[in-house]
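Before any questions on binding or motion, here is one chain by itself as structure tokens, the form predicted alone.
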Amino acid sequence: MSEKTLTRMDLSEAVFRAVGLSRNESAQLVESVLQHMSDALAEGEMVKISSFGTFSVRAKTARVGRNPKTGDEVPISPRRVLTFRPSQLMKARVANGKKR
């Protein structure tokens, strides 16, 4: 496994090379897409990207947890968490290690 991380800069560079927009326009496009996704998730909407996966927000209820070191009970407050469910195609790509 590689330790490489895909960054916003990498995404905008890929858009620059594939689409032919300027580097500045490519960066703005990537930022715009990520902002739209973030806004939708913050409003509780689901974001589905075909052949990639689905991002959704899930509400977790309050519960009692334990400190693993001391065994003390600790209340865990209710919260919203982001979940990602990959598509079957994405699962197959990752399992096979193929780029396309």
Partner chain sequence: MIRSELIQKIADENPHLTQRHVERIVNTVFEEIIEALAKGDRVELRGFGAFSVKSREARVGRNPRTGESVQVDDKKVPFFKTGKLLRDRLNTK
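Numbering follows the first chain given and starts at 1. Because the structure is a prediction, the values reported are computed rather than measured.
The form predicted together with the partner chain is left out here; the points below concern that form.
R63 falls outside the set of residues with a heavy atom inside 4.5 Å of the partner chain in the predicted complex. Taking the partner from elsewhere, D39 is found to have a heavy atom lying within 4.5 Å of the partner chain in the predicted complex.
Proximity of S32 to the partner chain in the predicted complex: non-hydrogen atoms within 4.5 Å are present. Contact annotation: D72 falls outside 4.5 Å of the partner chain in the predicted complex, judged by heavy atom distances. Shown without its partner, the chain has V15, A18, V19, L21, E25, L29, V30, S32, V33, L34, Q35, H36, M37, S38, D39, A40, L41, A42, E43, E45, M46, V47, K48, I49, S50, S51, F52 in segment 15-52 as residues with a non-hydrogen atom within 4.5 angstroms of the partner chain in the predicted complex.
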